[in-house]
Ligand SMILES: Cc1ncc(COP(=O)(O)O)c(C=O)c1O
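Okay, here we've got a single chain as structure tokens, the form predicted on its own, with questions on binding and movement later.
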């Protein structure tokens, strides 16, 4: 197979990318992977500092997970779940329900956005099925992100991303986001524990006010579990998610948790809602579910929700949702092997040790005068850049920050992709300390360079 030339590269329309700039900025064609490196068509190696869009666990190469995929391909590549089932889908469901305490049923989809769509449809139809069709609206949290399909954009509305699509979207009641700065510097928004507690209390007060006014019209609240990532790397303060869960119970609003990006170890816990002490009515997993090797996502729910869909065929209570590749046996076999490798490698403990290492390394940035805040948990880090209170997005000479970071990181053998004025590193979950340190070193070097360019 020949390597694509410059003209070929222009045929692909890339996601979240200004294509006018793409050929001049990155234009790398990745041809293979090796460990935690990706390798371009010219043989250049780059450490993957964003885990292939937050999903890669084990890096690249042959392991138990890829072996399981190969074995399954030899036996059964695909078989529909429309009227049939397959062994891997049954076996994976059993494993997921052992991990996700409080859940009883598993519905398969092929990506995170559609897993959210399923959860929304389940919540909406649940109340219709039990005779409360008036509960047909949703509550979500400002700065939340839940995917790029229409209903997912509605509940995870970020104007910069989705403003052009607003005519497609449905109205949603929005709660204040719990944005708390973690650095105790004068320029930080919150200085000290008491201020954070007071601010959390105010956030919950505003949240309950919305519940009081609108809960009778709302079927569910949708929120990311543990942290908001695409909305700005916002780590929830302690007890926030539990208090939200309690309000959902108090006001009879279903709780939908999105663990597509935050579950399976990203924040240091296999199932984040268990650590947050906030069992939901529905929860979605994706990304690291298959270690990034296969497109698969799931929506889990309780028997309470599931049983409302049971009835005579003529009652029309069944869930009308499905995909061609729902419960694909290759994807399910991949996820089964991936979960087994988490357990045999004691991966969650390794993530927690690496998280402590990151915390220690982040102290090296305390003297920087362009860092407004550092937000970190598990293997998720966001470094917010500001100067004189204004977000840094354009550097001297008119160069965009995100282009500069990608270009300079690639020069140094690392791939980094910022989120606006927030520098992120979100590495593969099983990364070793040597490779992790290289990613951190390159990130810190780039911050030094940015300081001289603002």
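Residue numbers count along the first chain shown, from 1. Just so it is clear, the structure is predicted and the values come from calculations on it, not from any experiment.
Missing here is the form predicted in complex with this ligand; even so, the following discussion is about that form.
- Shown alone here, residue 272 lies farther than 4.5 Å from this ligand in the predicted bound form, counting heavy atoms only.
- Although the partner is absent here, residue 54 sits close enough that one of its heavy atoms falls within 4.5 Å of this ligand in the predicted bound form.
- Although the partner is absent here, residue 111 is a contact residue: one of its heavy atoms lies within 4.5 angstroms of this ligand in the predicted bound form.
- Interface residue remark: residue 145 is counted as part of the site for this ligand in the predicted bound form, having a heavy atom within 4.5 Å.
- With the partner omitted here, the residue from 119, 92, 291, 260 that has a non-hydrogen atom within 4.5 angstroms of this ligand in the predicted bound form is 260.
- Heavy atoms within 4.5 Å of this ligand in the predicted bound form map, among the stretches 247-255, 76-84, 260-268, 121-129, onto 260-268 alone.
- In the predicted bound form, 224 is the single residue of 220-236 with at least one heavy atom within 4.5 Å of this ligand.
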